[in-house]
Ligand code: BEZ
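As a starting point, one isolated chain is supplied in structure tokens, in the form predicted on its own.
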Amino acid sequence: MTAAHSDAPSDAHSTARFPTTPESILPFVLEVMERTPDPRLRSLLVSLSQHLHQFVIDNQVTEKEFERAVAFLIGIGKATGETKNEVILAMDLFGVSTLVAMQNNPPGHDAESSTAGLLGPFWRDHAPVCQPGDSIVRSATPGIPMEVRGVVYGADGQPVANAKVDVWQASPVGLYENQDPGQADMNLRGLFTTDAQGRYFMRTVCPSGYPVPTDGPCGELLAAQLRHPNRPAHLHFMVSSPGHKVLITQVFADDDSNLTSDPVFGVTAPLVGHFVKHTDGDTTTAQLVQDFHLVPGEMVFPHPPIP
């Protein structure tokens, strides 16, 4: 005998809880997120879920806008490769990279501790080892010759011998060597070691400002916001010594017109250097004296954004 069909919900379904409104979805999500065993990961996932749901509700995000946001995330992933990291660039353009650097590198116990800056998307590991006074110009690179020197000080305020000073920069045409087939591999990159008095000394050419890559989704974002892509001229430094936190920073040219409109929000007052230029007849040269003051900590290096 066939059982009679019934449209009544089963007992299991009648007692189950389901979301009924947009606001009611979050508690179900949080219940799942809070099962995460690792306490730090659990805290981050709960907070991220809360902020994402609140953002969608506060702004009444449409399906079309959601699809566009997903396409942007997919696009920055696809645009990341051996010559650029579009994901890092996106974090830069939202000011998140600077926020993380500033939040995790507060000034040290003394007023002289150096200010951290962005790693940026173009650092490469294994820069060529250089001797004091070496030039990091490795192929034809027109530009104003520049000498850069300074002293690395430790947490005790004393000069640090054998500290490593990793430096990299864009060429005067605004391209890092991995972006430009006309430059030799590792052009304008070098790894220096301080002497017994904590001094480093290098030769290069003056950097110039350059546009961040605009051939991907980040470029579309800048265009949509009517923002210019031009970073002010700068040198990148990574300074390290055992017993000290690795200092990642940038030094900006004080005469650059884009200091106050850096698209990645990377310029802070302590990072503006004094690029001194001298002209003798038809020859112009430049000098930068830049000391670095390290703080105590673990010597941990970042993961290279590009190979």
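When you see a residue number, it is the position in the sequence shown, counting from 1. Everything numeric in this text was worked out from a predicted model, so none of it was measured.
Another form exists, predicted in complex with this ligand; not displayed. Remarks below refer to it.
query = Is F201 one of the residues lying within 4.5 Å of this ligand in the predicted complex, judged by heavy atom distances?
reply = Output for F201 is no: heavy atoms all beyond 4.5 Å of this ligand.
query = Might M186 be said to contact this ligand in the predicted complex, defining contact as any heavy atom within 4.5 Å?
reply = M186: no, not in contact with this ligand in the predicted complex.
ask   = Taking the shortest heavy atom distance, is P207 within 4.5 Å of this ligand in the predicted complex?
value = Result no; P207 lies far from this ligand in the predicted complex.
request  = With heavy atoms only and a cut-off of 4.5 Å, decide whether V165 touches this ligand in the predicted complex.
outcome  = Result no; V165 lies far from this ligand in the predicted complex.
query = Picking from 140-148, 126-134, 208-216, 69-77, which part of the chain touches this ligand in the predicted complex when contact means heavy atoms within 4.5 Å?
reply = This holds for exactly one stretch, 208-216.
message = this ligand is absent from this chain, but in the predicted complex, do L89, Q250 and V264 each have a non-hydrogen atom within 4.5 Å of it?
response = The answer is yes; L89, Q250 and V264 each reach this ligand.
message = Just to make sure I understand: among 153-179, which residues lie within 4.5 Å of this ligand in the predicted complex, judging by heavy atoms?
response = The stretch touches the partner through Y176 alone.
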